[in-house]
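One chain is shown next in structure tokens, namely the form predicted alone.
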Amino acid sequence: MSVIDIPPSPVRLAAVAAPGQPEPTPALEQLYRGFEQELLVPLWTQIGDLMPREPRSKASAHLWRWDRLLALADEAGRIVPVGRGGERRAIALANPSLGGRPFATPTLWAAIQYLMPGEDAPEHRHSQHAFRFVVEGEGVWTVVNGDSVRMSRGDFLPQGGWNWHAHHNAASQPMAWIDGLDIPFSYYTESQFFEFGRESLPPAERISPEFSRSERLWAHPGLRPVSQLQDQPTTPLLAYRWVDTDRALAEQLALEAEGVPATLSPGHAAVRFCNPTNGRDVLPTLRCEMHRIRQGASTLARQEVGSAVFQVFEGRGRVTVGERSWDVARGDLFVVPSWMRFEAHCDKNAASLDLFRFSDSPIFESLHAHRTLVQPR
């Protein structure tokens, strides 16, 4: 290949007079042109960006209003079909600082999914881990490897990667929920796989049982089937019901009132959804929790390596993320980027502020890169 045929280098280096930088000279400029030609980048020109004193997330703190999301999803339900190819009527949150990509944070995907009465979302599977969390409605069943699982308000439904799944709406009304996945993490690590499933579900799977097979086997607190003693990387329990989550949060606050240390901080109860085979997170890349803040109470200010997405399940309050603060209500979603300060306060006129939270913490814990800073009052 002649010199003329060499494509221009994407590397661009400039000699600048700045602290920690070599003195700009013609020799330095010539050295930099050689670096560019050989696709080399010296650390001394990049260290401030590559190795900052603390995490500087590319994502921004941002809030999406549920009423607006729901209205747009309903409009999409009338004009955008669900079927093979598009697969899902899922509308992703796009963080304003991530260049228009459908990513809530650099590692997390969050979307509102909407299914019209009688509609089926076709079967497929993917290597990305996923979950569904229901804020509104009832009547959709997700079918995972042939197991039909009811979806109702407040239910958390995890979906381990590479499991067949489809959805069908057996109700007379549309239904919306949020999807959470590790799509951005899989995208950037180039580790994703996808496969189409059956074109339609057989009648034996288009059923609407009160409890799925997974619940009948696994949803018994503290009781593990002796026939299933092998640890599993993702939870085999496909539905964590709101009635159980609600009771656990209420009891934490009741114990606190009795003087028992049961909460994260005064007025702040929280539970983590766990894999019953090993006690760890339900999914290897996603941590999912429910938080309840008592009337008039506040959380401690917290910073954490890794990002999180929150959805208001019930109540009203005010949240602060970095320099941004918003009044929030039922259904609203917001993002907390990595190492950005977060705190929440429940309105004095609300019984509580219930927040569903999911994060990428398991990734950083596995890499021994997780760090948390909690600021006491």
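Please read these numbers as outputs of a predicted model, since none were measured by experiment. In this text, residue numbers run from 1 along the sequence as written.
There is another form of the same protein, the form predicted together with a further copy of the same chain; it is not shown, and what comes next is about it.
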Discussion item. Does any part of Leu223 reach within 4.5 Å of a further copy of the same chain in the model of the complex? Heavy atoms only, please.
Written reply: yes
Worksheet item: So, in the model of the complex, is Ser191 in contact with a further copy of the same chain at a 4.5 angstroms heavy atom limit?
Response: yes
Worksheet item: Hey, in the model of the complex, does Gly322 get a heavy atom within 4.5 angstroms of a further copy of the same chain?
Response: no
Worksheet item: Should Pro106 be classed as touching a further copy of the same chain in the model of the complex when contacts are defined as heavy atoms within 4.5 Å?
Response: yes
Practice prompt. Please name which of the stretches 293-301, 169-177, 92-100, 136-144 has residues with heavy atoms lying within 4.5 Å of a further copy of the same chain in the model of the complex.
Written response: 92-100
Worksheet item: If we check a further copy of the same chain in the model of the complex, which of the residues in 19-54 reach within 4.5 angstroms of it by a non-hydrogen atom?
Response: Gly20, Pro22, Ala27, Leu28, Leu31, Gly34, Phe35, Glu38, Leu39, Leu40, Val41, Pro42, Leu43, Trp44, Thr45, Gln46, Ile47, Asp49, Leu50, Met51, Pro52, Arg53, Glu54
